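So this one's two forms of a single chain, laid out as structure tokens and tagged structure 1 and structure 2.
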Structure 1
């Protein structure tokens, strides 16, 4: 085969390969852009949420405005676990003691939630 034919075939293969790769990349970029727009819409529509949860008080940190609670599952947000929550008022921490079974309200935009109300329940 003559050298010019080899060069022509190599150039043709290179152009076809680059073109196919560019088209594939463009399709992926459009899909990613569409998914990102959907995520932004979902984040904008979620806004402030309110959850009603039961649990047991494990610790109260008045200085930091935190209440550590072992809580049940929060449907649509998180599984059961022990964790600390900010409180909307220092009086919330003062109103309970370690070992109290409680029912409390979490309010805010996830993941920035705070306990806004709490009441003791029967153990």
Structure 2
């Protein structure tokens, strides 16, 4: 075989090899990403979830059964923010005052979560 043909074939093989490797790697990465996203969605939406959160009480709206809390990050659900949550019973709103540092339990199927228990962490 002529030398230039050998070189051409070699380069062709090189280009094919590199692009196959690149595509395979890209597909692998995409598959992984899709799996990860699916797992995240599944983790966030299916079934009842329970989060334990710390925060500080900003307002209690007894008529609405809402407690407004400045809280830290809720991993896998919500970043740190000031947010109003529904409460499972009116007693929960009554049991705390504005400015109380608290630890509370959020339970439910996201986004339908409610505070089911609360305790003060500092006097």
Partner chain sequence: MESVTGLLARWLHLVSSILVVGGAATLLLAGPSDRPTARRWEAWILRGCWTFVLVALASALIAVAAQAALLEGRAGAALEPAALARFLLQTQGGTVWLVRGGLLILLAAFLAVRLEVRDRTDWRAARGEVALLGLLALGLIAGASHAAAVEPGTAAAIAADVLHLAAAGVWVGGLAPLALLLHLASREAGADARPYAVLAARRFSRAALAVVLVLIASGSWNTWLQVGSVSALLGTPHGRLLVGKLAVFAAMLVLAVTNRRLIPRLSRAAEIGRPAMQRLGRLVIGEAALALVVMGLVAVMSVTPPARHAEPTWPLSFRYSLDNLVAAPDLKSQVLVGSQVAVLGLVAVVASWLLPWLRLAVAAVGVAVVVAGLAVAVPPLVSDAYPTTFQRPATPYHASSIADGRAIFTQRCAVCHGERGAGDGPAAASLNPRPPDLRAHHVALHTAGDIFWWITRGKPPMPAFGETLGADARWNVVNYVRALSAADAARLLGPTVQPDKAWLVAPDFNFAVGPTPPRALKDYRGRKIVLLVLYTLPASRPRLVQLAENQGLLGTLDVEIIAVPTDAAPDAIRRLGADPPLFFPVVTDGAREIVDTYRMFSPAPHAEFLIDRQGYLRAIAAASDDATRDPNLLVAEVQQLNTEKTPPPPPAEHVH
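Take the two forms, find the largest set of C-alpha atoms that superpose within 1.5 Å, and that set is the rigid core. As the structure is a computational prediction, the values presented were derived from the model and not from experiment. Numbering follows the first chain given and starts at 1.
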### Task
Assuming the other structure does not fit, state which one is the form predicted in complex with the partner chain.
2
### Message
Superposing on the rigid core, is the Cα displacement of residue 109 between the two structures 2 Å or more?
### Response
no
### Task
Align both forms on the core first, then report whether residue 61 has a C-alpha shift of 2 Å or more between the two structures.
no
## Note on the structure
Superposed on the core, the Cα displacement of residue 10 between the two structures in Å comes to 39.6
